[in-house]
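Next up: just one chain, as structure tokens, the form predicted on its own.
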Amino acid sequence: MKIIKNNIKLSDFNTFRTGGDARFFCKVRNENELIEAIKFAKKNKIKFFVIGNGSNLLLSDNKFGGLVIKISIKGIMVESKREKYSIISTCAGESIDGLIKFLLKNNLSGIENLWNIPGTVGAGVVQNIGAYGVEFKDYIDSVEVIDAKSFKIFTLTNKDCKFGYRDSVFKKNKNLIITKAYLKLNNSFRPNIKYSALKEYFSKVKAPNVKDIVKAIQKIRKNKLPNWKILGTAGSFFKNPIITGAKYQKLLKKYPNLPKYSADKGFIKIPLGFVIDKICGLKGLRVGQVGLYEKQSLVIVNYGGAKYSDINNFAKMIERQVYKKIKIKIEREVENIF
């Protein structure tokens, strides 16, 4: 196959900069190439793994004996316009920032709070990315997928995707490979500045426009998060725990300043960054070339040369410390692969 390459270094294809060589690697630019790649893996009886920009992965440094498929399918267009909203289609290989630029150009809004997330649309759907009070699922109308078992192309509704907090059906069923997403966007701008950092930023601005929001988020992210082009990172490494009201009240007796946020079905979300910083006392902790970013403790950073095992062991240590203090097993946002 022309699109298949041999022995490709995977550290060049993820933002944590870990990973050994892949025995086979390819970039697919359309559905036919994707099907061709999957058939290659099946014919050779090897495993395959699909990636976008690799911005939410922690890859093992061992050699992967299978096929890594990078989704590079591109294309965005307005499918239909109605009085209050428009439906746009975006291929899975488009970047989130590229999608938002398209929306700004076409006077559409809704997901601008996701600006500067360094992932692709397909991976964003899988992860149900969220930032500054917005989740991707709230604007996804449907998703086009290829079933790696049957090679059939079909469409899943928003409900079919079973979205949750940084979760979806695609995390459980790896045979469903996203090729395109259909989004329902607003024709008129409605600013979403309920998130505390945005509320503070715009405290003296009465009517921010969509470009103001994008500029604000870029500035806030720059001040809060590491530059993934300079430091190895996958952004927030852990999920914020979601607990019952009873569990929160129990914790509150011991830690009176513990903040809370409402979650679905009456549950409560607690900020893990606060727990790591204030309760565990681990702010800015560094072990060798791995550490917690000093401005955001949900973020683990590879300062240069750290291996998969270094980062994984560091993360396990954080997990143990959190459990020791609040008796909650925290979950990772980042996927461990191979």
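Note that residue numbering begins at 1 and tracks the sequence as displayed. None of the values given here were measured: they were computed from a predicted structure.
What comes next is about the form predicted together with a small molecule, which is not displayed.
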Next on the checklist: Please tell me which of 221, 184, 74, 247 lies within 4.5 Å of the small molecule in the predicted complex, judged by heavy atoms.
Outcome noted: 221
Checklist entry - Just one of 140, 111, 178, 108 has a heavy atom within 4.5 Å of the small molecule in the predicted complex. Which one? => result 178
Checklist entry - At the 4.5 Å heavy atom threshold, is residue 174 in contact with the small molecule in the predicted complex? => result yes
Next on the checklist: Taking the small molecule as it sits in the predicted complex, is residue 275 in contact with it (heavy atom to heavy atom, 4.5 Å or less)?
Outcome noted: no
Checklist entry - With the partner left out of view, is residue 302 within 4.5 angstroms of the small molecule in the predicted complex by any non-hydrogen atom? => result no
Checklist entry - Looking at the partner-bound form in the predicted complex, is residue 189 within 4.5 Å of the small molecule by any heavy atom? => result no
Checklist entry - Tell me which of 204-212, 128-136, 150-158, 258-266 has residues with heavy atoms within 4.5 angstroms of the small molecule in the predicted complex? => result 128-136
